[in-house]
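Form predicted on its own, single chain, as structure tokens, below.
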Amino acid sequence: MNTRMDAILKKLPSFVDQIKSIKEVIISNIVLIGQTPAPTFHEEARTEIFLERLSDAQADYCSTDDYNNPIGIILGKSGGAKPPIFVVAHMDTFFNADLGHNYVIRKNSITGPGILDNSLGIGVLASMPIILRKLKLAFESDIVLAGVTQSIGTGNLQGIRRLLNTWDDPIRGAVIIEGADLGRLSYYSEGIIRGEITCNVSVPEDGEHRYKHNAILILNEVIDEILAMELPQRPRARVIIGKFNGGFKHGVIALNARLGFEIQSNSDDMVKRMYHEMMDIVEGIGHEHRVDLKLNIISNLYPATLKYKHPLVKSTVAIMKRLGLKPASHSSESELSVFLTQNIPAVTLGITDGKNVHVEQATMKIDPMFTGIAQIIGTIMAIDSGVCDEK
């Protein structure tokens, strides 16, 4: 480990207590932003509050791009001579605006819909100018604080795709922040196709109680054939059946049903092969039963990775271990993949521990959050110092 990295590692433990000393500001930002609903495609209200908090925190620049991604910039000392460092969190959550977003704050926890995915990440991002001033840190590179819209589900990461496609200058590196889980270190992304299979059965003319087909049973036949697909151990490949719903009530045969799935592999060719095989299954069963059976793609990603030996990964591992964290690596189907496919080194980090991530009663722990923020700061420092640059 070189002397620049040694200097960063020595500072990290003291950062935790210093960040904790301004926890009221950080928690206020998390709660204020988190209690503002932001379902995918409807992040406008949260975007406005996020920019207000960045402005109050005295970011040097606050605005939105042409895709309504809110951006704050902390100017670096090099005057643009060094490429910028991106710190990114997605704005949207899985919850609709008509759901109550009142958060419950306890001594060491905050509970509410979307808190871990990803209101916590956005709240920390909005607090970053204040945190850096508290730590008396300045950087050579500009620090771009980007809250990206239209990320999850059918959003298909359109916010970050558009932001990077319209950003003309080189980018030095990126840190993507997610609320959960502390210790998470993602530096690769598998290829995926996420989609839905829908089955719609026509009502026969001779009466609603004499249906020939049950949409749920037809989709069950589809599942059986998907599970019978022969998948290799290398390259890694799997199909996850994640959602299923259909029917009207207990005593009536289901005319409509919907199946949500995700194809995953570290090989793009394998993802495509599995998709075409599933298309054959859907078309075949639909033809045999003469029902409206369709497969629709919601989102897709190409596989991309940094090697473990990449200096950004190695430096982040050292930072996490210095803070007493045990790095746990797994694939991240998030903004990370978009950076990596554009050859921009990036990692995804989790901020704290919690439970019930994707339900209304999601809960985050407050105390571990300060260590989670310290690791983010340390990773930014490592990128800025040049120790993460590839030789």
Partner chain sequence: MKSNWLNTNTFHHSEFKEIELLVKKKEKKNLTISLCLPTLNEEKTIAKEIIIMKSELMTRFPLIDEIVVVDSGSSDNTLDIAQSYGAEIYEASNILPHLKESTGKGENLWKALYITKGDIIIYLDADIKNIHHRFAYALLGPLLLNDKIKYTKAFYDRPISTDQQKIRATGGGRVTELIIRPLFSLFFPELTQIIQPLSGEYAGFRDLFEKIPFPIGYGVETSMILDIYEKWGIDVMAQVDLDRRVHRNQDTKALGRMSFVILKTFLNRIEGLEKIKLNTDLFNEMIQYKQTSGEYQADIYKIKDHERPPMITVPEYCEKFNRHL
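Positions refer to the first chain, counted from 1. Computed from a predicted structure; not experimentally measured.
Beyond what is shown, the protein has a form predicted together with the partner chain; the following relates to that form.
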Report yes if any heavy atom of Tyr188 sits within 4.5 Å of a heavy atom of the partner chain in the predicted bound form; otherwise report no. no
Does the partner chain get within 4.5 angstroms of any non-hydrogen atom of Val104 in the predicted bound form? yes
4.5 Å heavy atom contact, Gly100 to the partner chain in the predicted bound form: yes
Can you work out whether Thr47 and the partner chain are in contact in the predicted bound form, taking contact to mean some heavy atom pair no more than 4.5 Å apart? no
Give a yes or no on whether every one of Ser28, Val31 and Pro113 sits within 4.5 angstroms of the partner chain in the predicted bound form by heavy atom. yes
For the chain seen here without its partner, which of 92-100, 261-269, 213-221, 279-287 has a heavy atom within 4.5 Å of the partner chain in the predicted bound form? 92-100
From Gln361, Ser329, Thr341, Thr64: within 4.5 Å of the partner chain in the predicted bound form by heavy atoms is Gln361
What is the one choice in Ile366, Val357, Leu325, Leu51 with a heavy atom within 4.5 Å of the partner chain in the predicted bound form? Ile366
Using a 4.5 Å cut-off on heavy atoms, what residues in 35-69 are near the partner chain in the predicted bound form? Gln35, Arg53, Asp56
